[in-house]
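In the block that follows, a single chain appears as structure tokens, in the form predicted alone.
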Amino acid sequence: MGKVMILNASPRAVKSNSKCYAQIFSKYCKIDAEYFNVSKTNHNELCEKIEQFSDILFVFPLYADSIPVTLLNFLKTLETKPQTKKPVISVIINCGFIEPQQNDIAIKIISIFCKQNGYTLGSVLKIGSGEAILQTPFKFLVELKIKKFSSSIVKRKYRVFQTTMPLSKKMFIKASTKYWTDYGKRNGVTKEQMMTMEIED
């Protein structure tokens, strides 16, 4: 029987969407799974535990078309800690764009890491509109895909999955613009201020 090590590599791990996706995975996963946040100080501790697991699941958001620095730094540490028993690495990645394929470059980075360090890349779930979808009626689409994703890991029949909100780009841009305009207003920031390159007064 396998065992999954869930690593939340979001820079906002404690209050992140990645944590929500990890919780949904744990709900549907039919084998033991343990959850950990990746922090600046626990890389060695996590690396020491890896051989106890058959699978690693990295859960993280897309940052500037790439992996977040939280995950990058952890992978750098993992490279220096060769494992005798190497678990299969699977990934749940979400981005704020509506197109799930926006995550492809980050997945390629993980794939290259696996090849260079002797790990097998398992299942991948690419989520579009990941900043918003959990707060919409389309949450069930994510749940359905995570259920299938978790089953693929349990059965060791690794696959690539993707999902997003079934909206046109025009509708998505309109809805997201309203969301961020309202968010700024609640925090005393105007739409005009958010449209400038100035981040400090």
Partner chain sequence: MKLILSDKYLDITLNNDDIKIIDLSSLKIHNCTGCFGCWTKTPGKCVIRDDATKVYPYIAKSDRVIYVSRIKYGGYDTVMKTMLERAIPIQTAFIRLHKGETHHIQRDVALKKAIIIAYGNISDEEKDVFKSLIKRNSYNMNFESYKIIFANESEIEEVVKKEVNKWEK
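Quick caveat: nothing in here was measured; it's all calculated off a predicted structure. What we label the rigid core is the largest C-alpha set whose atoms superpose within 1.5 Å from one form to the other. Residue numbers count along the first chain shown, from 1.
The discussion below concerns the form predicted together with its partner chain, not included here.
Trainee: Given the stretches 132-140, 46-54, 147-155, 167-175, which is the single one in contact with its partner chain in the predicted complex, using a heavy atom cutoff of 4.5 Å?
Mentor: This holds for exactly one stretch, 167-175.
Trainee: Is Leu121 close enough to its partner chain in the predicted complex to count, meaning some heavy atom within 4.5 Å?
Mentor: Contact with its partner chain, no.
Trainee: With the partner left out of view, is Gln83 within 4.5 angstroms of its partner chain in the predicted complex by any non-hydrogen atom?
Mentor: Taking the distances in the predicted complex, the answer for Gln83 is no, it never comes within 4.5 Å of its partner chain.
Trainee: Against its partner chain in the predicted complex, would Lys40 count as a contact residue? Criterion: heavy atoms within 4.5 Å.
Mentor: Looking in the predicted complex, residue contacts with its partner chain include Lys40, since a heavy atom lies within 4.5 Å.
Trainee: Given that its partner chain is not shown alongside this chain, does Ser66 nevertheless sit within 4.5 Å of it in the predicted complex, heavy atom to heavy atom?
Mentor: Result yes; Ser66 sits at the interface with its partner chain in the predicted complex.
Trainee: For Cys20, does the CA position differ by 2 Å or more between this form and the one not shown when the superposition is done on the rigid core?
Mentor: After core superposition, the C-alpha of Cys20 moves less than 2 Å between this form and the one not shown.
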